[in-house]
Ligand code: HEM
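Okay, here we've got a single chain as structure tokens, the form predicted alone, with questions on binding and movement later.
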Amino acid sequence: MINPSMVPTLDPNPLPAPYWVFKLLLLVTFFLHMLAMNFMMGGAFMAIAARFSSNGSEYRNRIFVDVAKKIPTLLAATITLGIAPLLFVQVIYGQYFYTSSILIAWPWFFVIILLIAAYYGFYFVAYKGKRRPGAAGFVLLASLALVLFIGFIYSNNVTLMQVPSHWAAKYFANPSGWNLNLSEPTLIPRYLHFVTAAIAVGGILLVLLALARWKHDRDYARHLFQFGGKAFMYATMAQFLVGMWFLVSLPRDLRMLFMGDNTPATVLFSAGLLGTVAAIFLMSDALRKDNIRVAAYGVTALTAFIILTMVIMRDILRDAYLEPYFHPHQFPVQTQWAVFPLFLVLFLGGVALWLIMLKRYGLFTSTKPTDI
């Protein structure tokens, strides 16, 4: 452990609201960001699986076109909803986040370039996928690979910011800014935990598309339902293995937070585990009984709850990592009561407007056969 004095000093500017307000806003906005990100990344996985499936079903190309058209919008939502939690992280954990960002400066800088390239690829697929499905499939695969690499860079940054004791050795070993946190034992399982969750949520996206077509195009909707529901189940089952790997890779004192040493963390871990088992059985029963509503409403709600528990557990784990250095009571606070209510109104209004836009845009509607 390093001397806490080696950590950059706290920003002397007072917080414009109490610490707990920023913590709550961080959790809420990151939860919304995770929902959009999982739909975007998982949808891309589902579209690629449909495009390159050996099944050869007559509906697979339609699934590819259906989902690919929605990826640019979902990526826009992911970026927009990711700005707020990134800002709140900088407010609360600035001296840790900025330091880790400097240590991996060049990969962190390339995130924007990779994101722009992926964005162009997604738009190409959305507009050319119907006429050029062969090329569009490979472009979508390349764009998804870029997004996955961006996520890997983010995982490197957030794992590095949590371990100030590693900063000096990493910097003096390579001060060029080309560092990644590859020696961190939790990096790979943590990253795969996010990716596997995204595949499961991609299955949910297909189930929601099936619900939108259930009355008017039952055969196609049933195929969507079976394809997405099974993808959800298999990915969620894989999450047990990846999640256990992640848990075991944690230092023992941090692992035990979720095994009885910390009551909120243990309750959240247990609730998330039980919710995951319930979601698998509920989806399995819905597929067997051809009950689209149970899958679309029940499993989706359970999945959102599971993601919320994971978001809170992730925050608990971060604070536990930083406990020797991070002391929230040291934040100077000068609440700006005149601005704070306006911020809340605009924030809630923005979320409401985003939901209205999704409904008007028809994100969860499906293309007609004549559109293919």
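The numbering used is simple: start at 1 and walk along the sequence shown. Keep in mind that this is a model prediction, so the values were computed, not measured.
Not on display, but discussed next: the form predicted in complex with the named molecule.
With the partner omitted here, the stretch from 210-218, 227-235, 276-284, 142-150 that lies within 4.5 Å of the named molecule by heavy atoms in the model of the complex is 142-150. Leu75 is the sole member of Ile204, Ala197, Ile292, Leu75 with a non-hydrogen atom lying within 4.5 angstroms of the named molecule in the model of the complex. This chain is displayed alone, yet in the model of the complex one of Leu241, Ile116, Ile83, Ala168 has a heavy atom within 4.5 Å of the named molecule; that residue is Ile83. The named molecule is not shown here, and in the model of the complex it never comes within 4.5 Å of any heavy atom of Phe64.
A residue is said to contact a partner when one of its heavy atoms sits within 4.5 Å of a partner heavy atom; Trp245 fails this definition for the named molecule in the model of the complex, lying far away.
Mapping the unseen interface onto this chain, Leu302 falls outside it, with no heavy atom inside 4.5 Å of the named molecule in the model of the complex. The shortest heavy atom separation between Tyr154 and the named molecule in the model of the complex is within 4.5 Å. The candidate site formed by Lys70, Ala126 and Lys359 is entirely out of contact with the named molecule in the model of the complex, as no residue has a non-hydrogen atom within 4.5 angstroms of it.
Residues Leu26, Phe30, His33, Met34, Met37, Met40, Met41 of 24-49 are found to place at least one heavy atom within 4.5 Å of the named molecule in the model of the complex.
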